[in-house]
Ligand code: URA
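Next up: a single chain in structure tokens, the form predicted on its own.
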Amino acid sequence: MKNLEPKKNCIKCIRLSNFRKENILKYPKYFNNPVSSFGSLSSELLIVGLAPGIHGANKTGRPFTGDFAGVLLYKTLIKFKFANGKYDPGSSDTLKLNNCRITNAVKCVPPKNKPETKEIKNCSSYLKKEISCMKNLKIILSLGTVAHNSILTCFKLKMKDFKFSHGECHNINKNIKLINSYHCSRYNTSTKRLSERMFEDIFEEISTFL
């Protein structure tokens, strides 16, 4: 669909474009382009992450694939029937999503996994368009504060009225709920900020709504 994803070799964000060029030289076999969303637009659940990991989605070309965050996410999605098949970190697998779509607030890999404010803003048009195209959307799961704030921006909502808190459920409008979770990164799980049980509790809540 037109304007739903950035063009290959997008140059909206000069810093990110230059970083991709560096990675093309360092990792010529990597995907090294804006990473498109995964899953159907007819889904009721949209999961929004931060950005592609340099050795994750930036390598494989599929959101949350290739690094630890994807291992936990897809394991949980399979357990709660939002996905089936076998997940492989290299993306050569049989994994299919069910009633679920996955995207990122920022489509290109940022240096040190930290996008700048203007880069998040540049990508917000794609997220806004994506949400508007999901006519059956009921739940948006934000993985971390950047995703949370990006979603609020799409709906022109004030961040002070919808504060991020793990496990919090916000009524965005009469049709859509926003649920917060800490990002399923290796850092968050290794520091015990997010446990597998905590992450599963989020999906149990989502399942009750759907």
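All residue numbers refer to positions in the sequence shown, first residue = 1. Worth saying up front: this structure is predicted, and the values here are computed from it rather than measured.
Missing here is the form predicted in complex with the named molecule; even so, the following discussion is about that form.
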Discussion item. When the contact criterion is heavy atoms within 4.5 Å, does A57 count as touching the named molecule in the predicted bound form?
Written reply: yes
message = Does any part of P34 reach within 4.5 Å of the named molecule in the predicted bound form? Heavy atoms only, please.
response = no
Worksheet item: Hey, in the predicted bound form, is A51 touching the named molecule, heavy atoms inside 4.5 Å?
Response: yes
*Answer yes if any heavy atom of H170 is within 4.5 Å of a heavy atom of the named molecule in the predicted bound form; otherwise answer no.*
no
Here the chain appears without its partner; judged in the predicted bound form, the stretch of 63-71, 156-164, 174-182, 24-32 with heavy atoms within 4.5 Å of the named molecule is 63-71
Of the residues spanning 101-135, the ones with some heavy atom within 4.5 Å of the named molecule in the predicted bound form are N104
